[in-house]
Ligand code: C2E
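Shown here is one chain on its own, the form predicted alone, set out as structure tokens.
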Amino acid sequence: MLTTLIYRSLVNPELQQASIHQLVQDALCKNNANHVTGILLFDGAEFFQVLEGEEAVINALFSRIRADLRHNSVVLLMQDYSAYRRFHDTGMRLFDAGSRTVESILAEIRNLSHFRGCYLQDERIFRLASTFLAQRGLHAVPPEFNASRWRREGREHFTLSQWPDLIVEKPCQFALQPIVEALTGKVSSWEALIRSPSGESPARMFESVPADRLYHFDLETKAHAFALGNRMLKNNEKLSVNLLPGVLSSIPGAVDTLVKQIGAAGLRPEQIIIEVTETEAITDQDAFYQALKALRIAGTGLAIDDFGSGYSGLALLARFQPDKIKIDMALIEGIHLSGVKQAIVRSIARCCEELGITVVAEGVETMEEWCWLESIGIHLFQGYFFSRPILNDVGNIQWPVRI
């Protein structure tokens, strides 16, 4: 099955110019032997390569490239199936972008005999090559955020004498996970994640709730989260709680109930962030947005949770601008390796900057993910890399520290 794969990478700075030419020559011989064709652009610091061949061969080759120490920051830009080869008999056509004009390189790519400008996928490949040549160096992670220059250091946030007893005889439990400002070592807020009475997942929790009671149950459980917040919030820290959109759109007086719960727990509305999840469709939009206005008037913070994974997406953002957007972990996982995810998250971050909205990256699990996100100006994070959710407790928080 014919596959086209495009990636970009940084050349290892320790690699000499002669070694780069040898690398290209070796690759040309291997590609010819494996019926792999394509082009390679090199500007002295970055590679941009189009590879085409049988799917299994291309995947194996790309795995070797990612493991090759002569490459740094290998980022997949596109992988798709193809109707035909564009670069027939071209095991690897090298274009030296450091000594030629952009126009001459693009013209030569256009004029390759099997490059059909009328085929839409060809246009996409051509645009990716054009973007690489126009934005050389733009996507490189600054040296200060090279993952090899950082390590993690665990620090205790609470002492045992400060921490509350376990919650007993309640209809639910909560696992707490911090949202951190990594470079300053500060906890921005704590998210109270609902669990079953025995500590099982939210899915198991809600399985036991009758469908006609789901929204009322979700609203009622917030009182227990606020009570926990009263016992553990430090100065300037906030508590985030998830709320199904249907609670706000289908229960009359839901906002009044939330405000009363917050007051009964001894907290102020400004200490609370209501996270509205994107993973449920909003049925009565007018009622939903009226409830959001009421929450604003009451003084609570608002966030869109799991942004990028649900029903509403940009339509929700166009009508309602929250204090925070939490980018879903599906977009964060392996972001340092994926050009598609990088383009999407960069666009979200840029949009939010123009709108004055704070961005939180959810599901951060590796040093490489954190470094890439921090390098583009995202400063708030949540995920296993820093701390796992712990039932009615908080463990040590792991912080990145320069080596």
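Position 1 is the first residue in the sequence shown; the rest follow in order. Bear in mind that the values here come from a model prediction, so they are computed numbers and not experimental data.
Beyond the structure shown, there is the form predicted together with the named molecule, which is absent from this document and is the topic of what follows.
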Inset, instruction - State the residue from 365, 68, 353, 54 whose non-hydrogen atoms include one within 4.5 Å of the named molecule in the model of the complex. - result: 365
Inset, instruction - Scan 316, 187, 329, 254 and let me know which has any heavy atom within 4.5 Å of the named molecule in the model of the complex. - result: 329
Legend entry - 4.5 Å heavy atom contact with the named molecule in the model of the complex for all of 222, 277 and 384: yes
Inset, instruction - Name the stretch: of 77 to 85, 145 to 153, 284 to 292, 242 to 250, exactly one has residues whose heavy atoms fall within 4.5 Å of the named molecule in the model of the complex. - result: 242 to 250
Legend entry - Partner proximity in the model of the complex: residue 218 to the named molecule, non-hydrogen atom cutoff 4.5 Å: yes
Inset, instruction - Report yes if any heavy atom of residue 324 sits within 4.5 Å of a heavy atom of the named molecule in the model of the complex; otherwise report no. - result: no
Inset, instruction - Tell me, yes or no, whether residue 195 is in contact with the named molecule in the model of the complex, where a contact means a heavy atom of each within 4.5 Å. - result: yes
Inset, instruction - Give a yes or no for residue 122: in the model of the complex, does one of its heavy atoms lie within 4.5 Å of a heavy atom belonging to the named molecule? - result: no
Legend entry - Contacts with the named molecule in the model of the complex - residues in 287 to 309 whose heavy atoms fall within 4.5 Å: 305, 306
